[in-house]
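Just the one chain here, the form predicted alone, laid out as structure tokens.
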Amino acid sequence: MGAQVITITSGKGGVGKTTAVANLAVALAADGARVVCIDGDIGLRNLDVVMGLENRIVYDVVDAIEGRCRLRQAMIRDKRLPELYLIPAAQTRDKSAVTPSDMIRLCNELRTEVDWVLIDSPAGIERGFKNSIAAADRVLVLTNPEVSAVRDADRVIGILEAEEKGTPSLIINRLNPVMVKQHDMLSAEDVLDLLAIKLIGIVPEDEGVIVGTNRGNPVALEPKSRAGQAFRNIAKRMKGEDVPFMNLEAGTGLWARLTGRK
């Protein structure tokens, strides 16, 4: 069986999509899978920095699509995990340099080489978004527990269903239980009620994520990181494993809902 192609998207920028892609890729590769990440944000690449690979770029995704290099030449091997690769976005081109059919062709070529292809979708719902979802077998929608991010996520879910990409799964990122308790942040239960799609993971607010991102060292590599554990759990659920949710909001009815308990 060929690789699964998973697109991580959000609608709203700045919610942690690129960080999530890097951490899920690291978690899958650390568990023995062969993984390729594709930065779908043509013109504004960031995934290379988050993965600590910015100094090793020779070719990018547009070079591979336009035939200036072989696909393998555009794949940068991770320094820590030999089965993890990045195909970076082009910085000097715009999103029109890539078409949805280009992405489908690229991903079809990768399907025989690896187990997972993770695509980092740019913010918004324009050309870059359409490119990023074109080849996807599954889509994960990531949102922060704030009204504007959830509204944008809802719009993206509607577009994905209209494009016949099926119902996506949800990642709630940067949940702060203290702020939820003080009613200064939407709870995970609020977000689920608003979006009404299946939850695949909740990532708690964690200062270590920012530190890891700045150092090019994803927190999924840190055994003691709560956010890292959340990303590792999501990666396991992506593979179909039944992993309990971390109880981040004690005293709410959410965990009873997620675990089937009354």
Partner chain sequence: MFNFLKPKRSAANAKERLQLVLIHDRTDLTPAELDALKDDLLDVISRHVDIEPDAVRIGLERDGRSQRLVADIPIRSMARRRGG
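Residue numbers count along the first chain shown, from 1. Note that the structure is a prediction, hence the values are computed from the model and not measured.
Omitted from view is the form predicted in complex with the partner chain, to which the following refers.
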**Item:** Location of the partner chain contact in the predicted complex, chosen stretch of 131 to 139, 175 to 183, 86 to 94, 104 to 112 [non-hydrogen atom, 4.5 Å]
**Value:** 175 to 183
**Message:** So, Met75 and the partner chain: in the predicted complex, are they within 4.5 Å at any heavy atom pair?
**Reply:** no
**Request:** Answer yes if any heavy atom of Leu170 is within 4.5 Å of a heavy atom of the partner chain in the predicted complex; otherwise answer no.
**Result:** no
**Message:** At 4.5 Å between heavy atoms, is Gly158 in contact with the partner chain in the predicted complex?
**Reply:** yes
**Asked** With the partner left out of view, is Asp193 within 4.5 angstroms of the partner chain in the predicted complex by any non-hydrogen atom?
**Response** yes
**Item:** the partner chain in the predicted complex reached by all of Val147, Val150 and Ile197, non-hydrogen atom within 4.5 Å
**Value:** yes
